[in-house]
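Only one chain is given next, in structure tokens, and it is the form predicted alone.
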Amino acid sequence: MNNILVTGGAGFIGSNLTLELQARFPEARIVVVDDFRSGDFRNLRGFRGDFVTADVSRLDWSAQFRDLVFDAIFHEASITDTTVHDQALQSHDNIEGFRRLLRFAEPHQTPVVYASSAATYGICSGIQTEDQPAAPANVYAFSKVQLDNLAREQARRFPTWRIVGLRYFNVYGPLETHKGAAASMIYQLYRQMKSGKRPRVFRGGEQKRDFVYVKDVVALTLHALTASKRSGIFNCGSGHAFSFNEVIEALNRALGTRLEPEYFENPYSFYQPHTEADMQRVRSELEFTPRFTPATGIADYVALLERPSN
């Protein structure tokens, strides 16, 4: 690949993806588009490509890139804060950003891999499969459902155009610290335990999440570009449901501590008790298996966090 575009490339997943692309394709021209609403310039230390500071939902794509033809587009840009309840803002920026990107990519049918979300499944328990009907519980999830709808429509109109959506589950890993309170629960609990505090979780601690390491997310995102023979929407998880108690056990092992959880009452009347990605379609159609379980991912992450430079 000679020309690669990454939207949201200063964000958590986007920056990990951008730096991996740079490592794999050192001669390629990589262009990042980001407006820093969910990103941080420090995530792109060492980046040697071009950076366009812009909101993808308002960018004049044709004017910005003129005759530049990209070999691949990775769309990570989004308002990712699910507590943003301005429905017009959330839906406009997420949906229209993707719509404009697709219009720009259409003439050359540039392959697109975009970030969907497990939030499209809504408040449910058990294993989530790609064929489940959408049940968005907030406007963020609603916006991601619309991205999936747009992708399906374009795939119907252009059967040879490859547009792949990945429904990210609970992603954690390096370059998320700028997110503060919106960073993963794994990072939040790590910070508590690192400071000697007992990790605080909802009573019982047996609520389970499919925690997927960002290294696997990046690997699947890159793999999906060429592995998929057709357009499609796939889960992106570890395939394991891991309880918060198990997270604390894994962190204790990694940190060499023995801190007991401090339980408190769950204040939410609607709270998802269990998420777990069905990865069968990914294994069969994309021939991809995640490398990390939540336990091994947490161990790797803590080792990185404990490096002197961090």
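A quick note: this is a predicted structure, and the numbers were derived from the prediction, not measured. Throughout, we count residues from 1 along the sequence that is shown.
This protein has a second form, the form predicted in complex with a small molecule, left out of what is shown; the following refers to that one.
Trainee: Taking the small molecule in the model of the complex, would Asp50, Phe104 and Thr110 all count as contacting it (heavy atom within 4.5 Å)?
Mentor: No, none of Asp50, Phe104 and Thr110 comes within 4.5 Å of the small molecule in the model of the complex.
Trainee: Could you tell me which one of Arg99, Lys179, His240, His223 places a heavy atom within 4.5 Å of the small molecule in the model of the complex?
Mentor: Of the listed residues, the single hit is Lys179.
Trainee: From the list Ala254, Val31, Ala54, Leu259, which entry has a heavy atom within 4.5 Å of the small molecule in the model of the complex?
Mentor: Comparing distances to the small molecule in the model of the complex, the residue within 4.5 Å is Ala54.
Trainee: Want to guess which of 199 to 207, 186 to 194, 124 to 132, 166 to 174 is within 4.5 Å of the small molecule in the model of the complex, heavy atoms only?
Mentor: Selected stretch: 166 to 174.
Trainee: Looking at the partner-bound form in the model of the complex, is Phe36 within 4.5 Å of the small molecule by any heavy atom?
Mentor: Contact with the small molecule, yes.
Trainee: Even though the small molecule is not shown here, does Tyr213 get within 4.5 Å of it in the model of the complex, heavy atoms only?
Mentor: Because no heavy atom of Tyr213 falls inside 4.5 Å of the small molecule in the model of the complex, the answer is no.
Trainee: Although the small molecule is absent from this view, report whether Asn235 comes within 4.5 Å of it in the model of the complex, heavy atoms only.
Mentor: No, no contact at 4.5 Å.
Trainee: Contact between Leu21 and the small molecule in the model of the complex at 4.5 Å, heavy atoms?
Mentor: It does not: once the small molecule is placed as it appears in the model of the complex, Leu21 has no heavy atom within 4.5 Å of it.
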